[in-house]
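Before any questions on binding or motion, here is one chain by itself as structure tokens, the form predicted on its own.
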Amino acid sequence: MDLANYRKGKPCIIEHMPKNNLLNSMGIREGSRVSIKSRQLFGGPLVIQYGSRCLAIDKKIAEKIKIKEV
């Protein structure tokens, strides 16, 4: 399952993600536990929570991030 199509508010663990230096520098890596806080309208970014941080991720990138349910 990919992050873009996962349920809002439920925690998940990232199993595989594309090489992305920006996400990596923010601490988002394989094995990270995240949850979706909101989805923006018209195919906009997803806002995810990672620890105490909230980050916006482009939907096309989120579609390439493979996750598993916790």
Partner chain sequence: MKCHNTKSRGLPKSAPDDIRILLMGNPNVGKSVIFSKLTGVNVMAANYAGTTVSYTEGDIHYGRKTATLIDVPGTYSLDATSPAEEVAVNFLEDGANVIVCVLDATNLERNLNLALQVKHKDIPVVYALNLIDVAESKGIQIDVDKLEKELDAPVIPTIATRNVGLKELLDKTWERALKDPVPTEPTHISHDERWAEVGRIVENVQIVEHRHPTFWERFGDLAVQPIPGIPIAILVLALSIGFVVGGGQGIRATILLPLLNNVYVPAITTFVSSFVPEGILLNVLVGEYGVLIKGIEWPFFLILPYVALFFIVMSFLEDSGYLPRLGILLDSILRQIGMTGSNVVPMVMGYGCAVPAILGTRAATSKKQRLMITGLVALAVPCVSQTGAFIALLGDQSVFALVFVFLTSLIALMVAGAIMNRLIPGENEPLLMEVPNLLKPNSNALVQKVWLKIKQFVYDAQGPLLLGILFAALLVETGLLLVIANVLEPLVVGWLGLPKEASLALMLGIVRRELAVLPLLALELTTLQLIVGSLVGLFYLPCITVLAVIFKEFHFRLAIYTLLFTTLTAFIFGGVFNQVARLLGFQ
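Numbering follows the first chain given and starts at 1. Everything quoted here is computed from the prediction, not taken from an experiment.
Keep in mind that the form predicted in complex with its partner chain is not shown, yet the notes after this line are about it.
For R53, a non-hydrogen atom is located within 4.5 Å of its partner chain in the predicted bound form, even though that partner is not displayed. At the 4.5 Å threshold, heavy atoms of I57 reach its partner chain in the predicted bound form. Under a 4.5 angstroms non-hydrogen atom cutoff, its partner chain in the predicted bound form lacks I13 among its neighbouring residues. When contacts are judged by a 4.5 Å heavy atom cut-off, S35 does not count as touching its partner chain in the predicted bound form. Taking its partner chain as positioned in the predicted bound form, the residues of 27 to 44 that bring a heavy atom within 4.5 Å of it are, in sequence order, G27, R29, K37, S38, R39, Q40, L41, F42, G44.
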